[in-house]
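Below sits a lone chain in structure tokens, taken as the form predicted on its own.
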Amino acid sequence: MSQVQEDMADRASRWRRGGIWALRLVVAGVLLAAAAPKLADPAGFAAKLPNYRLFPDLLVNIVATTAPMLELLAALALLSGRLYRGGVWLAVLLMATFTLLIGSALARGIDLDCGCFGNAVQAEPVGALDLVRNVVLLGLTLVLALDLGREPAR
């Protein structure tokens, strides 16, 4: 490989690593923004969950406390070195689950506030833009997952 080719490959690798770090920061930021208000007011978040008509009453409080803790864990793991791989897969799982929940509510015509960011944002009914937002976030996490086989983005 010539020096020019090596320089180009090195430059491309730096761009990729920078892009992956940017994605990590975006996804971690969204997860932190979603987790913080729900951790601060779990009862408020728990009050929104029955509107999905999917969770038995027995599980509402468990989901209301566990989901934001998992969001926080995924966010912190995405920003770490050692826990990064697990954080990526947890973020993929969370985003896939949240996307399916919102899609299910829309498909069933349920008018609800998703509780995605707790009570930190104005409560508005879930709509197509919420689903698009989650599909995009799921796509970002999948990009991170596809990149796991490459050299670490330190």
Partner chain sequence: MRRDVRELLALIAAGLVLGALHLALRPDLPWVPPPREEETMCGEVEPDLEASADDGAPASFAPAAPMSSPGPEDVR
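Only a predicted model underlies this, so the values are computations on that prediction, with no experimental measurement involved. Positions refer to the first chain, counted from 1.
From this point on, the text means the form predicted in complex with its partner chain, which you will not see here.
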Decide whether N51 counts as a contact residue for its partner chain in the predicted complex under a heavy atom distance cut-off of 4.5 Å.
yes
So in the predicted complex, does P42 come within 4.5 Å of its partner chain, heavy atom to heavy atom?
yes
I'd like to know if L58 sits close to its partner chain in the predicted complex, meaning any non-hydrogen atom pair within 4.5 angstroms.
yes
Please check if L73 has a heavy atom lying within 4.5 Å of any heavy atom of its partner chain in the predicted complex.
yes
Neighbours of its partner chain in the predicted complex among 81-110 [non-hydrogen atom within 4.5 angstroms]
L83, Y84, R85, G86, G87, W89, L90, L93
